[in-house]
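Shown here is one chain on its own, the form predicted alone, set out as structure tokens.
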């Protein structure tokens, strides 16, 4: 039970970091960003580059990768989303094409060989009688702090309130003086930064490869559908649900069967409650 509790929390934290950024873009900009998985992969390779090329400490490399991907997110919004915002299907295809280009660019630049990123926190830790990697506990702590900080930012900060107002009514937000173009740029930057953060912490526990963004993108999309498109609270709840469900199935059945849990959850959600747990 303790192992399920800890490992399920780590999986849920990873899913939540990816899904909250993804659903934030949809909730505010009303577009589906299929380049979100590419942000994840590029974040991992950015950390690898800072560590390998510049010899940066892992913690410094994480911060640098987040900063780089935040800038990339704002650029993607400016040139690949903003001109097409009135046509959601065009945005969908544009971000999908960008995702493919990013994967091929990483493949050409770094090759197909998997890479390793150094751990920020090394060694196992004994907690509740279970030995778990310190990096896994770091992932849980970072997810709680970052998502909590994002919630406070959206509800307390002036810019956060502008983002919240834009998500409710973009036209009304413009009429009261809110620059929605700036809001959309900030939202894309935050979304990309959260994807990079997730990759920079999860990447060292796995291997880094050009196609690594596909599965996290599928998981994030599944979480958002189950939780409800545009609902941050729904994404957190769905991340916990799927993270613990997959962990339980892995322990009781097998890891192979755990991979279809999210697909089953999406199917059931679309049949029973298409709007998701917290969707409207």
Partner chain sequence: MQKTRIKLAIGVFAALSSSVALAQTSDKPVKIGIATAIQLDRGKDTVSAAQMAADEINAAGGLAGRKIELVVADEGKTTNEGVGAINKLISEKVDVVVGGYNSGITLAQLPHLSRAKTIYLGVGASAPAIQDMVEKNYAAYKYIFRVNPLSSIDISKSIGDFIVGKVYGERGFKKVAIVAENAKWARDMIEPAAEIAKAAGVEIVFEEYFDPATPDFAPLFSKVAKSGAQYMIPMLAATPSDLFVKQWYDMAVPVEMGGVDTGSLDADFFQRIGGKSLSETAINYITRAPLTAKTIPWWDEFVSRFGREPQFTAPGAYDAVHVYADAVKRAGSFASDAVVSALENTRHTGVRGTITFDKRHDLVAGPGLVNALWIQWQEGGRRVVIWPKDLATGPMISAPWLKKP
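Numbering follows the first chain given and starts at 1. Because the structure is a prediction, the values reported are computed rather than measured.
What comes next is about the form predicted together with the partner chain, which does not appear here.
- With respect to the partner chain in the predicted bound form, the three residues 23, 168 and 182 uniformly fall beyond 4.5 angstroms at the level of their nearest heavy atom.
- The partner chain in the predicted bound form is approached by residue 204, whose closest heavy atom lies within 4.5 angstroms of it.
- Proximity of residue 244 to the partner chain in the predicted bound form falls outside the 4.5 Å heavy atom cutoff.
- Remark: residue 107 counts among the residues lining the partner chain in the predicted bound form, judged by a heavy atom distance of 4.5 Å or less.
- Contact check for residue 119: a heavy atom falls within 4.5 Å of the partner chain in the predicted bound form.
- Comparing 192-200, 67-75, 150-158, 120-128 against the partner chain in the predicted bound form, the single stretch with non-hydrogen atoms within 4.5 angstroms of it is 120-128.
- No residues of 154-192 lie near the partner chain in the predicted bound form, the criterion being any heavy atom within 4.5 Å.
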